[in-house]
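Starting off, we have a lone chain in the form predicted alone, written out as structure tokens.
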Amino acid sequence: MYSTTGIEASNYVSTFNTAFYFITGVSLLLLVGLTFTMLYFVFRYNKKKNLVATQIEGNTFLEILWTVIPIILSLVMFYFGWAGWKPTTRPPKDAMNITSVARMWSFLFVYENGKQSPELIVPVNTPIKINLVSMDVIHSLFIPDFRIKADIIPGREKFMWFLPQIEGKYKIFCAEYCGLQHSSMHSTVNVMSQEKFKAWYAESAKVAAVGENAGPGAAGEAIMRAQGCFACHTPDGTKLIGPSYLNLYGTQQVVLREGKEITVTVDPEYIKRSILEPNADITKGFPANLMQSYRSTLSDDDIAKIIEYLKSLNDK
């Protein structure tokens, strides 16, 4: 989404575009200028027109010119880059704090009141500070329309901030290759009016997630979608990185535990252990060490709802 009113999607668009257009313009000018200069010398001083080679003396003025001009252009480009980067390091003190939890292969946004959403929902004209957390590998949160991107590095405290200035929905992408499903790791920024955001922020997480008339297991499904579980598992039998949930509950599965194959029953105890200690039992035929623990993310009540959802898939 791009503005046609003179107001940009975020506070970074203007400075970014200025730097981009300047660098692109200079690059095109140099490309055309140098190409034509090269062609001129090829035809003007070819062998047929200059059978006897002659010594050409240096030209001090030209040497100074082609040294000074590139230095000036480089400094101007550096200034535009610095002027665009510097504000990103100084978030306003009154910025709204939101934590972005990235894992293979989804984003989850956690708010100060404990609310969670797979979509980044923010109020317009309010500075937003995103604390960047990775649960596994290096990811990168990229919002093209806002002209902002930041790497998310495991074990390192990082943040990004921006001021959304136009209501609407904008794409979020992971811009760092993070595994097989990297291309499906994307989300949305939903910029709302102040009134709509306040209503959304205050409403019940349960009602917001599953609705008042949701069927059996819907609460668990909403939790799993919010946590990005369906990036690796499917509810319809399709095989991805992890086992499908379809008709999984109650079955016998061969798993690797401490290097040995054993048979386990997919019951509530096994499901809970798989969520809290995902690498303790690895289903045979699937890769290990891809799933991270949800111990700090999901409560016992959340896990109980997930189990109910898995049970409901046995009836389909």
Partner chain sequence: MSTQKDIEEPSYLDYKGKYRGIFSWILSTDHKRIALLYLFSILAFFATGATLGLLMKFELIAPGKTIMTAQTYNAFFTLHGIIMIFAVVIPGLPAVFGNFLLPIMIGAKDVAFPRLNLLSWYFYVMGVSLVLISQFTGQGPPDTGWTFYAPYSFRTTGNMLPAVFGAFVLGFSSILTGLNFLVTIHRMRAPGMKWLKMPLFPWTLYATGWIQLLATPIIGITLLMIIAEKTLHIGFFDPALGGDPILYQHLFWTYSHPAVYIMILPAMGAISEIISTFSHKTLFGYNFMVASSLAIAFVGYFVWGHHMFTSGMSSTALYAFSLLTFLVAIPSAIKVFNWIATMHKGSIDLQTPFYWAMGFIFVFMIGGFSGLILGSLATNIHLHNTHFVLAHFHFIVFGGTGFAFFGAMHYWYPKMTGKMYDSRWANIGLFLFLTGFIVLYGTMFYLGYKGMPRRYYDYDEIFHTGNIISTMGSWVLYSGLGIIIINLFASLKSGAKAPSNPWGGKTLEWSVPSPPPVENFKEIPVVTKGPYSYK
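Predicted model, so just to flag it, every value in this text is computed and none were measured. We call the rigid core whatever largest set of C-alpha positions still superposes within 1.5 Å between the two forms. Residue numbers count along the first chain shown, from 1.
Here the subject shifts to the form predicted in complex with its partner chain, a form of this protein not shown in this document.
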property: Partner contact for residue 303 in the predicted complex: its partner chain, 4.5 angstroms, heavy atom; result: no
property: Contact of residue 192 with its partner chain in the predicted complex (heavy atom, 4.5 Å); result: no
property: Contact label in the predicted complex: residue 250 to its partner chain, heavy atom within 4.5 Å; result: no
property: Its partner chain contact at residue 292 in the predicted complex, heavy atom, 4.5 Å; result: yes
property: One residue of 128, 133, 232, 185 in contact with its partner chain, assessed in the predicted complex (non-hydrogen atom, 4.5 angstroms); result: 185
property: Segment that reaches its partner chain in the predicted complex - one of 166 to 174, 242 to 250, 192 to 200, 118 to 126, heavy atoms within 4.5 Å; result: 166 to 174
property: Residues from 37 to 66 in contact with its partner chain (non-hydrogen atom within 4.5 Å) in the predicted complex; result: 37, 38, 39, 41, 42, 45, 46, 47, 50, 51, 52, 53, 54, 55, 56, 57, 58, 59, 60, 62, 63, 66
property: Post core alignment: residue 68 C-alpha displaced by 2 Å or more between this form and the one not shown; result: no
property: C-alpha of residue 251 moved at least 2 Å between this form and the one not shown on rigid core; result: no
property: Large Cα shift (2 Å or above) at residue 284 between this form and the one not shown, core-fitted; result: no
